[in-house]
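Given next, in structure tokens, is a single chain: the form predicted on its own.
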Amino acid sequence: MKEILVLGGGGFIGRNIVSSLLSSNDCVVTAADIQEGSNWSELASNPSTKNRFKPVIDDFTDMQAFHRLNQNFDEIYMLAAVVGVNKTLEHPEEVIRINSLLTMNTLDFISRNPINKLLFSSSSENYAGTSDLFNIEIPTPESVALCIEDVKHPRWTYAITKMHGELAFFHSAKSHNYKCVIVRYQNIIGPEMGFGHAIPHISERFFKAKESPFKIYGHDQTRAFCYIDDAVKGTIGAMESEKSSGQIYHIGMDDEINMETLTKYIGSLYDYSGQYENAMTYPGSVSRRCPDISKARNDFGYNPEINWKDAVRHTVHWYKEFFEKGNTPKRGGFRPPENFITKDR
């Protein structure tokens, strides 16, 4: 059976990939992260998966964590990273430090422990600057030039670490004779996706803040939301495809909506009947984003099935239950864009 390492296997996308990989019987999966994934206990106790699931909790910004893995792998899903708009605005130096170390330590591990293939999870943030500065095609193909709008702005720290990772793994693959594929995620949503993103923030505000009128931050900005199940299928499809080596793929949905439409739809799920008003957005936030996913469709049959309304409804249902139980976010909860004005350099 294949030995697979999922770095970041406790995170939102990672733990869902781990679960999906283990649903087949052809692999042993090591899920590695700095904290336990919420489904790890279930996977470790399930008779059909417990003998093929290896959870590892460690800090992989420390090279010694890789040494403690003490084995070789056939495939690596390199998903580990610090994410979230708030994190980039509040602690940009940590985003740079952590994400860069994760990439460099993984590169060092591969140089000493040969693998067959690596998948690196990148981001649509890589071309966010290009989108606002130039008249790029939307839906946007993978061939778009990458751009950082302003290196002084903390918003771009995450994007630069993802560009660094793409370059690093592509060129390492040539030197160390392994296959490499990049997937750029495009607004992946779903239950328990964390609290540092738009939909959890809007949900938190509807349930807890009881705002009226309810502010629509960045009302005319657009996004295309993709449900986690579709993203997982696309990610594993990219890894397993014979055509994917040396390629970049957009993994997302190509149905573009604006934030006003999104906010009012979430409001309907909370039975909100008050007024709305347009408001500012987060510093550095891109105006439009919608991926062209035809390359993934053509190369390995990627075909997202869940429309944006169902994806949002499934996601909001989880957060609604979370807040109804009296829970509060441990980190990443909503902070209004106004709080970050002084950090817009």
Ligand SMILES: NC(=O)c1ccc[n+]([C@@H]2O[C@H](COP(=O)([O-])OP(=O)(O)OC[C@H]3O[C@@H](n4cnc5c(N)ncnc54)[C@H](O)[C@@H]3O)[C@@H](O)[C@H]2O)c1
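Everything numeric here is computed off the predicted structure, so don't read it as measured data. In this text, residue numbers run from 1 along the sequence as written.
Missing here is the form predicted in complex with this ligand; even so, the following discussion is about that form.
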4.5 Å heavy atom contact, D58 to this ligand in the model of the complex: yes
Close approach of C180 to this ligand in the model of the complex, 4.5 Å, heavy atom: no
Even though this ligand is not shown here, does S48 get within 4.5 Å of it in the model of the complex, heavy atoms only? no
Just to confirm, S41 within 4.5 Å of this ligand in the model of the complex by heavy atoms? no
Looking in the model of the complex, is this ligand within 4.5 angstroms of a heavy atom from every one of G267, L269 and V312? no
Consider the chain as shown here, without its partner, and state which of Y127, F206, Y249, Y158 has a heavy atom within 4.5 Å of this ligand in the model of the complex. Y158
Among the candidate residues I76, V83, A198, I110, which is the single one with a non-hydrogen atom no more than 4.5 Å from this ligand in the model of the complex? V83
Would you point out which of 131 to 139, 166 to 174, 183 to 191, 269 to 277 contains residues with a non-hydrogen atom within 4.5 Å of this ligand in the model of the complex? 183 to 191
If you apply a 4.5 angstroms heavy atom cut-off, which residues in 223 to 239 are near this ligand in the model of the complex? none
